[in-house]
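This document starts with one chain, in the form predicted alone, laid out as structure tokens.
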């Protein structure tokens, strides 16, 4: 039984066909790459798998379970997730982006966005 399987996935946005009859299966332990030109539907397919988009037709299975209609948070609880195309959170340094994550966890999201809190965290991390 495949770990992840898509059967006959169709997704349209108005008159634009993003996915037409996509089928694939990924076996446990298998490494798979999704490759194609811009606009070929790679991100749309990933968004269907993660539950951000709902295909108009087809089914998605994980460990044999039909997850087609499960919301994203239920899929995340199963271990299904993705990273987004933006390689950074903010236009800043790698350290700035790490600090935002650190401060969000230790000081709350609002505090993480305050300049003074960022500066203090940067100094604390730099010298620890």
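Since the structure is predicted, the reported quantities are computational estimates derived from the model, not experimental observations. Residue numbers count along the first chain shown, from 1.
Another form exists, predicted together with a small molecule; not displayed. Remarks below refer to it.
Q: Is the gap between residue 40 and the small molecule in the model of the complex 4.5 Å or less for some heavy atom pair?
A: Looking in the model of the complex, residue contacts with the small molecule include residue 40, since a heavy atom lies within 4.5 Å.
Q: Although the small molecule is absent from this view, report whether residue 9 comes within 4.5 Å of it in the model of the complex, heavy atoms only.
A: The answer is no: residue 9 has no heavy atom within 4.5 Å of the small molecule.
Q: Flag residue 13 as yes or no: does it have a non-hydrogen atom within 4.5 angstroms of any non-hydrogen atom of the small molecule in the model of the complex?
A: Answer yes; at least one heavy atom of residue 13 falls within 4.5 Å of the small molecule in the model of the complex.
Q: Classify residue 62 as contacting or not contacting the small molecule in the model of the complex by the rule of any non-hydrogen atom within 4.5 angstroms, answering yes or no.
A: Answer no; every heavy atom of residue 62 is more than 4.5 Å from the small molecule in the model of the complex.
Q: Among 24-32, 70-78, 54-62, 41-49, mark the stretch whose residues have heavy atoms within 4.5 Å of the small molecule in the model of the complex.
A: Of the stretches listed, the one contacting the partner is 41-49.
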